[in-house]
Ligand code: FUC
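In structure tokens, the next block holds one chain alone, the form predicted alone.
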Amino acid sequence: MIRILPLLAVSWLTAISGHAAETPLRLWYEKPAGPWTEALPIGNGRLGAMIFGLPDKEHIQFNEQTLWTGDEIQMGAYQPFGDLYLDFPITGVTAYRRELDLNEAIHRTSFTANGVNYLREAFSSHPDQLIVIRLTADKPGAITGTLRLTDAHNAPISASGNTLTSKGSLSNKLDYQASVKVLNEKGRVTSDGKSLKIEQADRVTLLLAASTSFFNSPEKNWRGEAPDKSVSRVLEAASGKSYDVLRTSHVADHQALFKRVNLNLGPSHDNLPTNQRIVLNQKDKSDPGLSALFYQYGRYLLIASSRPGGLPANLQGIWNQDMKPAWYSGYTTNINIEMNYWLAEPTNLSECHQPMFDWLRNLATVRKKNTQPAIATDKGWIAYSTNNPMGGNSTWGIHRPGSAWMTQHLWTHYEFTGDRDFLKNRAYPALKELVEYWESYLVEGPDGKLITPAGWSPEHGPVRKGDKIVLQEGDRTPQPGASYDQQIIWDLFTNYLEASEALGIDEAYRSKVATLRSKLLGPKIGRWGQLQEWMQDVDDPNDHHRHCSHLFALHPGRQINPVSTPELAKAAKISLNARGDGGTGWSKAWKINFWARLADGDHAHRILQGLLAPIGGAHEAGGVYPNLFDGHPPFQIDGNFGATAGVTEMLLQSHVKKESLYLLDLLPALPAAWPNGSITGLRARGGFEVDLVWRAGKLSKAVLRSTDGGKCFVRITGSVRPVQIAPNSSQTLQP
């Protein structure tokens, strides 16, 4: 198994790049948040909060990732948990600032009022499994206020001693509890049964714990320990630690993941509030540092919403304020859940990938019970398009190749880590059972090619109206041989073949699958030079649909690339140009990845800048909110994650093989807008870690490392060379 490499010393970045070792990574503002999409997110993978930063009436809206309605059949929806309000008799505020420090994963609000300087810090600790809020002032006895807790489902609130508690149960019998404990230094805390009053304290630490009775296993019927036990245990443990100890362990835990990658793209207008940077950058494109901030924000959000042992990041990560969130805030399998994890392996966050694997295994377990006849199968499993943590689903549409697409992530994890136990026990069985399903489901088409008999190209399709074929939004009429299906099945078969060969097993079946793959209907070029979306040549050059599903073979697949399949790559480019650069947030994020794979960094950068535009006014779709959340609209986190993945593809690609070895393509799509820069700590397939430095648009130095050692090919400005690295060694490359 290839292990995660240790953190680079800070001095290394300085030595190779000449840039400052620490790039400021913070979102900051001169005013408190108004709407929810101006508040700033913290999270520990399970417990998240949006902080508004109001001096006199602080508002902290919080979520716990398992608070779901629904079950194995009904979809339900992800639920808000509650709100914590801190009311203070504060007036005359000056020198106000609120910020989210990505390097430390700490939210800060600072201001001056009546001659007192106040500082509030908040973070969601993964080691201690709770939210910590610290209130300080530079004069003694200056903290006086009232704490109120509300429950999103109107459960009763009780206050006793120094603790506030909400406790309730959802319609699906899921129990939940949240408790806030006040630890004051000097002063006193009193209770009126519904709230807590703090009087003349010097410093105050608030501990917010929340939990449910959810247990992440269908074998346990999704239920486990009562939440009051886990909440009490967490609060008791944290209460015995000082704030400094809680803070130090939180920062160390976060930085062990976050600081593996450092990106510098050039000048940064960090002296301006983030909302102003977004607007200014649209005018003069003079802030490449904003792109770097957006990139690292994606990594921050994944760390904060997806940790081992928990659920995967949903459509909004873990942050949601609505009882009926858009698209249930669920797991949609025709792009969204997959896009959420494109960044995990290449940006050195492999651990954060684990929740998706566990959810995928649980979903397969539930689906193979065949409780819903419409998606029952004799071999393997399929699912509906949108699902919850327990396997329940929306019945909007069956997404037959979704299980194959998601299983690509298992193979990808092996490609990056070399974990043979994972390949043998998790990835290979999952790949094989889906290959067996598609072997039984494919049919022979008119020209003898194997096709899917009832395919789909999300989320529209050709319908006949009179004597014309038109493309209709949301149409799910079955279409044999749809390119999207065909390309995903090619990818599944290819991943299976390589997995079987890597393990040295099932040689006879491997040969059979290779034959099946050779008979698949492949990508076709249509009448106007486009990559056809359907088996019939009915594509409309004026179709600007948000989905580009027929380009799966370009990304995240590997069936099409400019070097080995130039004609198909040209057709993909024609299709992309016809679709246009607009679209929803996640659609633009996918297009960044497409253009990066086509080695057109300037086009990828142009779309990235469009994604970084402010939502609202003339820009109603596919931009960002003031807190840099991606807008569909509304907020969908896949655009954040997909954009980070896209920038990574611009700087490093490793999906192509040469002579059975991975080909690491260095700076394959570097835009002119980033002439000088550096990145350290990226991961490549084959278990390599890569640092890059470039000057005047050209690579000046690359460093490759490997713990287990290995061979690969490296492409630098069109020139390909073999590289061999000994175990626990590195190699420096220059053009």
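Numbering starts at 1 and runs along the sequence shown. Bear in mind the structure is a predicted one, so any value in this text is a computation, not a measurement.
If you look for the form predicted together with this ligand, you will not find it shown, but the lines that follow are about it.
Residue contact with this ligand in the model of the complex: residue 377 places no heavy atom within 4.5 Å of it. Not displayed here, this ligand is approached by residue 315 to within 4.5 Å at the level of heavy atoms in the model of the complex. Not displayed here, this ligand is kept clear of residue 222 by more than 4.5 Å at the level of heavy atoms in the model of the complex. In the model of the complex, this ligand lies farther than 4.5 Å from every heavy atom of residue 96. Think of it this way: in the model of the complex, this ligand has a heavy atom of just one of 307, 603, 547, 250 within 4.5 Å, and the residue is 547. With the partner removed from view, the residue among 341, 484, 496, 586 that has a non-hydrogen atom within 4.5 Å of this ligand in the model of the complex turns out to be 586. Contact with this ligand in the model of the complex, judged as any non-hydrogen atom within 4.5 angstroms, is confined among 82 to 90, 631 to 639, 352 to 360, 182 to 190 to 631 to 639. Within 4.5 angstroms of this ligand in the model of the complex, the stretch 316 to 338 places a non-hydrogen atom from each of 327, 332, 334, 336, taken in sequence order.
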